[in-house]
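A single chain, nothing else alongside it, follows as structure tokens in the form predicted alone.
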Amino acid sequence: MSQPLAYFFDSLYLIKPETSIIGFLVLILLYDLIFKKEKWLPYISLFGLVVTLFLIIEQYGYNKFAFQSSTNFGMMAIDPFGAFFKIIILLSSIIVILFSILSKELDVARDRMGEYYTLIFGMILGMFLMVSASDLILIYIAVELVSLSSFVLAGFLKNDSRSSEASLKYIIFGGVSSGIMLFGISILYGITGTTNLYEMNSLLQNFDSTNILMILTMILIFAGIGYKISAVPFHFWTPDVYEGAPVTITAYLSVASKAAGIVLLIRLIKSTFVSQKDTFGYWEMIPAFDWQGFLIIISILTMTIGNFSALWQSNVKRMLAYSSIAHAGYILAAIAVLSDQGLVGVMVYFIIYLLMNLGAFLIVIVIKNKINSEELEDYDGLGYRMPLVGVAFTIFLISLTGIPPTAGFIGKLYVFIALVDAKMLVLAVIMLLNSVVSLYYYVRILKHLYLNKPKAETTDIELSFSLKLFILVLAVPNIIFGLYFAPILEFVKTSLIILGI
């Protein structure tokens, strides 16, 4: 067998998780076309995600390139860092599919659920490619695959004017940011003569000062990435899309899509602009672009605008959308440290963010199922009518604020430690002050749940046993990991291996 052919088959072995997702996507599509039995689709989807999860765990220690070129660099980097975030994406997907089974909002579209699950698997495939991509062409294809799937999912409730508006706005903003990103990629290719991030690294070593053209190029490319992670000033689509999309898709975009975008940003910085690491784990940067200064500015703007905009919201889903923007700011602050300690903060934060943010959206789904409203004023007295929902929502909101003994405190603590170690005290203080601001609008929800009296006579609302169990599965870890977080830290440290660095 010739060497190129051998490399190709080795690469196919390395992308087994992606192949699994493609296989189950086709299976779901064929099953829906042939059998037309909607009730089995979520279970086929869940089985496919579990199979893919095992395949990722199987290759967790791999540190190789897939689809290598003659320079020994490849289009995809298969490493523990990427595997970590693929697990985050899969866990988010499993939870969101369970949400979809419970959601009454999707009842009007039950005859189209084959397309729904097919599009979710299309998003997963795109996010997997975003997590592993080390070539600009593959990065762009992956971003577009995620975007096209999410555009349709955001407008999945086509008879709902809010959902259609959300989809239209998402497409417009997505198309503009995608075009800007592609323009930046073309300039970067013109500067370096390659699309591979690792090859660019060796070429950019010759830059001994900040380059004006490189500044423009990186800002253009960041427009596409910033749009995926809802970073200011590329966040304008987020509130409207989060409010108008089905709650299940809003929850999915807030965690999985954001995770893929963050990994793409980290891999772009580390693979292309880091010349070496010092003995303390801080990255020695190629001076072609001041990533630290740029990320600090974006981080401050993102967390501040996200939190202050959330203060005035009366729709809970829209409030959580602005909250999601603010959390992107906290994560960008950890990346701005440009160190391994900063990456530890990012990874710890994402595990906990998965639990607390999806938990908060689960409560929104449960309440909407029961009272058919997402407006804050309609939450009056619900803490007494739905005791478990009230207590669980309190845990999730306290965790999102970052107050001990919840897991959210641990997430923010590790970001704060990374900032203090790097002597970025001003950014650390701004992050703390923003957390105080967020407490106000989270407490507003609790005030309506417990202190405001309902407008009319009401009765207690009962929940099924399976729903109560699901709520507890997400709520209890927010307390456990707030008290005992060693397993999370150990998992993160074993995953802190990025290929080629």
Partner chain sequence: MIPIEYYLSLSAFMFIVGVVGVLTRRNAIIVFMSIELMLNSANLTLVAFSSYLGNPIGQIFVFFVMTVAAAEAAIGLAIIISLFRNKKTVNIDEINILKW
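Residue numbers count along the first chain shown, from 1. Predicted, not measured: the structure shown is a model, and the values here were computed from it.
Keep in mind that the form predicted in complex with the partner chain is not shown, yet the notes after this line are about it.
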Of Q292, S339, T394, T195, which residue is found within 4.5 angstroms of the partner chain in the model of the complex when only non-hydrogen atoms are counted?
-> T195
Heavy atom within 4.5 Å of the partner chain in the model of the complex: which of R162, K370, R110, K104?
-> R162
Contact segment among 187 to 195, 362 to 370, 379 to 387, 349 to 357, judged by heavy atoms lying within 4.5 Å of the partner chain in the model of the complex | 187 to 195
With a 4.5 Å heavy atom cut-off, would you call L301 a contact of the partner chain in the model of the complex?
-> no
Distance check, G179 to the partner chain in the model of the complex, heavy atom within 4.5 Å = yes
Non-hydrogen atom contact F183 with the partner chain in the model of the complex at 4.5 angstroms = yes
Mark K270 yes when one of its heavy atoms lies within 4.5 Å of a heavy atom of the partner chain in the model of the complex, and no otherwise.
-> no
Of the residues spanning 123 to 148, the ones with some heavy atom within 4.5 Å of the partner chain in the model of the complex are L136, I137, Y140, I141, E144, L148
